[in-house]
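Only one chain comes next, encoded as structure tokens, the form predicted alone.
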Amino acid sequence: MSTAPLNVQAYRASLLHFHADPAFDERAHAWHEDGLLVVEDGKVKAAGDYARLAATLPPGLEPVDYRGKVITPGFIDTHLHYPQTDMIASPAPGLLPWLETYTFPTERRFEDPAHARSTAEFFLDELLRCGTTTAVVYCTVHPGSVDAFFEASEARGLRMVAGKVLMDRHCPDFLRDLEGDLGQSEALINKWHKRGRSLYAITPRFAPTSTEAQLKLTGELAAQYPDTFIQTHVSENKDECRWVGELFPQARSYLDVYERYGLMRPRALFGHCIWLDDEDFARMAATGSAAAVCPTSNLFLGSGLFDFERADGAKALLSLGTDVGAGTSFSMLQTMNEAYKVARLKGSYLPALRMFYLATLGAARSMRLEDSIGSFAQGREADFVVLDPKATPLMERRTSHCNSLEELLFALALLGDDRTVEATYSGGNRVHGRGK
């Protein structure tokens, strides 16, 4: 009869996690080919070599055997839209017509709480199927869309960030936000922020859909609640940038619009950031704001290529986002795949180690959550994903003769997708498993 305490679990596999950015530190990662991850009360107790840690396990505790597989911290997706789940892969010649034709009519349906609930359920299950345990999520202008999302994530015990979209101009009347004092947003902050594992993001959609009055109020709300998140879009495509220049002629740049209203600070996440200049990236680094790079979306809409070298030159905080539904996959592995190609087309090189960092600890640092998630440091929340290098015949054939960790991770990123995810754990609980 086992005498192991019920609140301790252990998992044997190859372990990968990070303590620094591989772009700036040659010893940024920890790799344990035969490793052991020990979890107690939903948090990491220890992670390291099996030979060293096995003797420390409580009597009778048998590790879950994932040998031949790779365990990493759960993937973190820093930019996506749950209401756009049903319009993924919708054709359009560019961002602005895509919004008018598909996005706004799709988001109108979220005035129906039942539709919001069913979409949130599917959306979260899809994230978990792809190994994503934390995401920074746009809801709609409807407060009920936020409630539906957090209720579904809370039921799964997930660390999630989300917020009600703010827009009061240049949008259909049926989505126009008439919340003059942002009272609905403040009520949602008080209801959901730091309730369990839920966190709130103040969410102006993007500068063109907010009046200056709304942006001013948004900045004031952000100052009143400094530990909330801010999420919005910036410099996604050239037409949008020209439009912002016409609407805000006093601003030096698109990004400067947000800084003028107090929306650049730690925990501020800006989607895309394709057409930023050196001064913009310097301002991001100085304010502690972060870029959410969305390669599949940027390629799909033809928006442009993110400049990793320029961002790294300023040491700006970076992470990866799927940007569903302009992004064409929920999978962070597929997002790494496209990020690598974007970097090559821009003339730079993105190693696999860096891609895995950006999807784990890099994202956690961008969110100022590195003390909670993103690594296997002791005391971190036990969110992790089990990856199978033999998930498909092609992957099995390729990974059977990898000569380095970089080759193995590169094959996972370039050939992997949801089929690669053997299991997903959140807070130490298995929330997805193949065949489950």
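This structure is a prediction, so every number in the text was calculated from the model and none was measured. All residue numbers are counted from 1 along the displayed sequence.
Omitted here: the form predicted in complex with a small molecule. The next part is about that form.
- Site residues T132, E381 and S426 are none of them in contact with the small molecule in the model of the complex, judged by any heavy atom within 4.5 Å.
- Checked against the small molecule in the model of the complex, the residues F229, F206, F356, F306 give one hit for a heavy atom within 4.5 Å, which is F206.
- Checked against the small molecule in the model of the complex, the residues F281, Y340, W98, Y261 give one hit for a heavy atom within 4.5 Å, which is W98.
- None of the heavy atoms of R159 is located within 4.5 Å of the small molecule in the model of the complex.
- Interface membership of Q84, defined by any non-hydrogen atom within 4.5 Å of the small molecule in the model of the complex, is confirmed.
- Residue contact check for S297: one or more of its heavy atoms lie within 4.5 Å of the small molecule in the model of the complex.
- Residue contact check for E236: one or more of its heavy atoms lie within 4.5 Å of the small molecule in the model of the complex.
- Contact with the small molecule in the model of the complex, defined as any heavy atom within 4.5 Å, is confined among 306 to 314, 216 to 224, 358 to 366, 99 to 107 to 99 to 107.
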